[in-house]
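What follows is a single chain, given as structure tokens, in the form predicted on its own.
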Amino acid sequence: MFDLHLRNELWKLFGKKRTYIGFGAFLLAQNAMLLAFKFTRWQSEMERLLEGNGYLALEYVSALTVALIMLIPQIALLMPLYTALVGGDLVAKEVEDGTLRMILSRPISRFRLLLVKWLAGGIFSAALVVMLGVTALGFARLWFPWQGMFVFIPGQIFNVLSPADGLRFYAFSHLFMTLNACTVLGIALMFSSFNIKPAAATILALSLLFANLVMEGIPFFERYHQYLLTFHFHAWRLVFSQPMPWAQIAQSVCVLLAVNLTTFLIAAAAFQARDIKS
């Protein structure tokens, strides 16, 4: 019965048109960034950076390099937006439409109902991240050759990788991106479990992330970065470091898992206490 319940929840989730807004936005953003990289000074500046450090630019301006360049702003900006949009709808939208009252008339617990919704949201998050990574690499391959990978994040990472290592680390980083997406969705689901509108749940989740992002960019809060959620979202980038900082990655993963568990328990407590039938 649990499998049937989850399958039904997934059917409802992927049956909504707004679920696919993120997929479409990613496709448009990726093609726009590809055109900008190809036909502006963006590519020449990267080539100059490589040559200034003693590397042959033709060997590292590749599909893997460009795909990663496209991922960085989309993971930071677009991915939280569209996961929060779906997470904010999971409970609040059904309350608003009146369908949740009918669902609760069946012999299932509220905890199980919320758990199934959270799992469905996690599957959506994973699908969104995988689609983002696959399409970014696919579109980049249409324009650029399959060669070595150059990773440059100002002040954090400067690394070059072989095509095999680059693809391996590229795929591995998506595990941490998925955890980021699940965390954002869990925060939105938590707010959605309270007595508020779907749009309000989405806005509150994005406001929380935006506050963390702003504080992370203020020099005064540099000593408090360990307490900021967006700081731990950068764990996926650390995969490309040489050597890989396993201790810092493990710390960020533990923090994000703890946030996921905490937000789900708060959501379960709030959902259990709500008077939906009145």
Partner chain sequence: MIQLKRLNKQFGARQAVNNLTLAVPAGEIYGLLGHNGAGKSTAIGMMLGQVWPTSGEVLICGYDVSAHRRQALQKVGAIFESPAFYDYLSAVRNLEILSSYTALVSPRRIQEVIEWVGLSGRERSLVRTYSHGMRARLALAQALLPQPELLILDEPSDGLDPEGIHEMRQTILRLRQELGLTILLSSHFLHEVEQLCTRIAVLNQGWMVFEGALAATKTNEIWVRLKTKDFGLAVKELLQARMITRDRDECMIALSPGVETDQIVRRLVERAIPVYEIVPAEQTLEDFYLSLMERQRKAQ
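A quick note: this is a predicted structure, and the numbers were derived from the prediction, not measured. Residue numbers count along the first chain shown, from 1.
There is another form of this protein, the form predicted together with its partner chain, and it is not shown here; the text below is about that form.
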* its partner chain in the predicted bound form: contacted by all of 42, 164 and 174, heavy atom 4.5 Å -> no
* **Which of 77-85, 164-172, 107-115, 179-187 sits within 4.5 Å of its partner chain in the predicted bound form, heavy atom basis** => 107-115
* Of the residues 103, 72, 157, 134, which one places a heavy atom within 4.5 Å of its partner chain in the predicted bound form? -> 103
* its partner chain contact at residue 24 in the predicted bound form, heavy atom, 4.5 Å -> no
* Is there a heavy atom of residue 195 lying 4.5 Å or less from a heavy atom of its partner chain in the predicted bound form? -> no
* Can any non-hydrogen atom of residue 207 be found within 4.5 angstroms of its partner chain in the predicted bound form? -> no
* Structure fact -> Contacts from 3-19 to its partner chain in the predicted bound form (any heavy atom within 4.5 Å), listed N to C, are 4, 5, 8, 9, 11, 12, 15, 16
